[in-house]
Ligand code: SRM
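Consider the single chain below, provided in structure tokens and representing the form predicted alone.
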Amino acid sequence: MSEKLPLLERVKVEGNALRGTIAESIKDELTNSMREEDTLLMKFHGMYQQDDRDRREERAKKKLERLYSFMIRLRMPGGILTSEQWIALNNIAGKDSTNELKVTTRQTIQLHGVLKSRLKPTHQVFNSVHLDTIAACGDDNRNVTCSPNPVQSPLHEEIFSYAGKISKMLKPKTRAYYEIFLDEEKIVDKKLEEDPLYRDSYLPRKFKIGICIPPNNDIDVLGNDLGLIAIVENDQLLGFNFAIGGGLAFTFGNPDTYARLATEIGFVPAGEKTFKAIYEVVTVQRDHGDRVDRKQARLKYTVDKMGIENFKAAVEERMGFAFEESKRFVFTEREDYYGWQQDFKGDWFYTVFAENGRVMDTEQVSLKTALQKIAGTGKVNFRCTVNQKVIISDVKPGDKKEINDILEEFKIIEHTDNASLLRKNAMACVALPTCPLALAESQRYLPSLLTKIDSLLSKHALQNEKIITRMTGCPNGCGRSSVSEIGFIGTGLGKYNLNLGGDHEGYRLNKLYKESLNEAEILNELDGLFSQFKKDRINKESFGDFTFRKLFNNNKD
């Protein structure tokens, strides 16, 4: 059986609790890359080895090694950073990485372009401000997301606290990260890092958990392996509806792979029962997930193969109590709240438009410098949204003018206000030049495409529509294109599948409309669809509902 397992499954078991020979690989000055097996284990410590694909051909002609570097992703439950932590990250971005902080679609920050020789110093800076990258990648529980804006609910602080507690509960027990990157003394008694959850083989694939607070489905909760939907009644957190089996990645040409939204299986009261239920959902996936075919290893496939009721029964048997019937909730929106908002305690929050999560200085706006100056006041925290935006948070009423003056000084308010609704509701994955899976451009291309789509919307007097638009450079799903109203999925350089028909609230996946379109074909299709939408929409029907009704609904008009 072991011979049939993929390399990663063998490496997990044989890799000495995720140590492998990472320490030796880092010391090897003959190459900027890591040994193959170590590149696999590095993911569990929050890092991917990448290279600059823009320069592959040039370097190959010169018979040079690829231009290897590393992407490092932080573990940030709920996406919150203090001013001190923001300053530390800002200083690294430009000194030991590209001059950019990248807010991800899982509410954390990643750095690109970190050279192998700078890995340990970078992690040591993280550690100095109480940050780490443990389990930010790999076959384990990834960064736990949560609706970030306290404006959402008077109970936000209580609900938000679950993200940190879940992250801590599901954090791997190995001390490998601390030994390799922080020079901690090596563990002698291996019993001290025995891990009853992950054991020595971890999970079959990555596992994603998200917590949302209705009526705003701002985190796309049903796209997670496990979605927790907070149920609040009479200003009291009753508990969570559990939804399992979400996941948006698939593989072109493989019909056995597909995007799927999570299925509700019941309600669990707040407190210890919630944590027990979460833990046992993970253990059932650990024990029943496919470890031979990684393309079938996510929880969604385990759920579909076992059947939803069988999976639910297996969890109930392990946790020792039954799920209650799901409580009623409704989603009415799926968005970030831009500009100034005040929470129930009187504190202020400003959501900044950071296109595709790229916090950097450009000719248009010095966003990175502005946020660094704001952090320097020491009077704010920062919250990352799952839609790749930044919230300047926890501003006391007496400090609001000082923060607002900095925003005005660097024209951040003007920059945010001037972004179109289409642009504010769009996002893209990293894709080229660093992602090895990318088939097409994404974050570098979407801004220019949106400018042209905005012109079409203005042409049809639709510029006030909040159309959720997303782009990914491949079908891996990082930009959540499959759960958008307009989804672009890269199939090759300059070519994208056009997906339509997702709803505005995140209850429904979109569907493939046209395959491998170039820019001119995309704009032509959207021009015609916007014209139809303007003429034939019903009441305040969203663009996603309109295209679903017209293009895919068998009972369409």
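Each residue number is its position in the shown sequence, starting from 1. As the structure is a computational prediction, the values presented were derived from the model and not from experiment.
One more form of this protein, predicted in complex with ligand SRM, exists but is not displayed; see below.
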Is residue 79 a contact residue for ligand SRM in the predicted complex, using a 4.5 Å heavy atom cut-off? no
Spell out, yes or no, whether the shortest heavy atom distance between residue 125 and ligand SRM in the predicted complex is within 4.5 Å. no
Any chance residue 205 has a heavy atom within 4.5 Å of ligand SRM in the predicted complex? yes
Evaluate residue 50 for contact with ligand SRM in the predicted complex, applying a 4.5 angstroms cut-off between non-hydrogen atoms, and reply yes or no. yes
Contact residue in the predicted complex, from 216, 393, 90, 110 (heavy atom within 4.5 Å of ligand SRM): 110
Heavy atom within 4.5 Å of ligand SRM in the predicted complex: which of 105, 241, 147, 484 fits that? Just give me the one. 105
Given that the partner is absent here, state which listed stretch (230-238, 399-407, 276-284, 472-480) has heavy atoms within 4.5 Å of ligand SRM in the predicted complex. 472-480
Can you name the residues of 52-85 that have a heavy atom within 4.5 Å of ligand SRM in the predicted complex? 71, 73
